[in-house]
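Shown next as structure tokens: one chain only, the form predicted on its own.
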């Protein structure tokens, strides 16, 4: 069903149009003048406007101009009894989707309405997709609650405006490619290609061909000349992931590319100039590889003009809950039905060390969403290793605190632990006692009483 604004100074035409639109399952709204129509569409949203051209005061073309400026997402069909080519061309120039002459044929009008609504739907979907893609690579949208990640975002903002080579380092799963994409998306090269290649995923001979290309007959199976990624990405950005896995010979060739800005295809004697920004990434300590002669020192300094180090998730636990919320929103399209997280499950997520970093956390969220019931993610919905680590942590805490708690009554022990738990829940909800009480399934008065240490 679509909302359609009908504009005509003839009541009989409005009645006919309203009846037709209702018969097709749409919601029509009638306006008997251009002024009234303008007032309506500036305060409400419509999918389509059908307007007569010849009206007093504000005519259809004037109304079309205003609609095109103020409500560009709304398609417009013009009605004209004068059907001249000049009027039709003028309406189309001003942004009308189409026009229909009066007296109109019902089938022709309904077909035009159907086409206009389909056009609007596709255009809006494309706009939404474009916004999603833009947002995906916005570095402002990288979850950055911790000081370490905020610093990374600051560096991205500064380095994106340059063509400087960048080296991103961090453990596997920390989001190095996302950082590279954000740099590219905010650079002057954002309209050109971003080509990633995993240097560890290909054998030496194939990696060289993929990066630099080859000529026909250069090796067995080279049946045609092939363009390499450096040529294909010319004007854009190439992302070299796991740079530490490159062989010595390819390191030497990459160094020449960075120095001379030229590539030579495998089997060719000619060089081609390329304009490419290089962003490299590694989860190895390249400094140690330089010491043991497995990575070239001169290449390292060519790559690490701007170094960006991403801390592992266990060292920036402030990012865990915001990342969880981000992944939940990404996985569930109907944001009005997002699940909540039980405080004990939240505590487990924060205490786990996440050796697989952000990638492992994302998989854990997907696991939890698959098993959650009743709109609440509970501890048992999390992956077994997260639950096990939490149980081990609790056991360790109990052992460490035994001497401190020994000699106290069970009631005092339980009340102490209860206050600790209440304090953690309040912290999770930024001190909001109403939200904390709701999550604990107790009344606000009961929460206040427990916090004050009163007996139940």
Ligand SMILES: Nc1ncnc2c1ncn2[C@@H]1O[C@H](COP(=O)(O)OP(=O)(O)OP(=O)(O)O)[C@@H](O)[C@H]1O
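These numbers come from a predicted model, not from an experiment. Numbering follows the first chain given and starts at 1.
Unshown form predicted together with the ligand; subsequent notes refer to it.
Among heavy atoms of residue 231, none comes within 4.5 Å of the ligand in the predicted complex. Residue contact with the ligand in the predicted complex: residue 312 places no heavy atom within 4.5 Å of it. The closest non-hydrogen atom of residue 175 lies within 4.5 Å of the ligand in the predicted complex. Contact between residue 171 and the ligand in the predicted complex is found at the 4.5 Å heavy atom cutoff. With the ligand omitted here, the record of contacts in the predicted complex names 355-363 of 355-363, 68-76, 214-222, 259-267, defined by a heavy atom within 4.5 Å.
Residue-level contacts in the predicted complex: of 207, 274, 323, 345, one residue has a heavy atom within 4.5 Å of the ligand, and it is 323.
In summary, among the residues 96, 149, 372, 278, the only one with a non-hydrogen atom within 4.5 Å of the ligand in the predicted complex is 149. Counting a residue when any of its non-hydrogen atoms is within 4.5 Å of the ligand in the predicted complex, there are no hits in 96-115.
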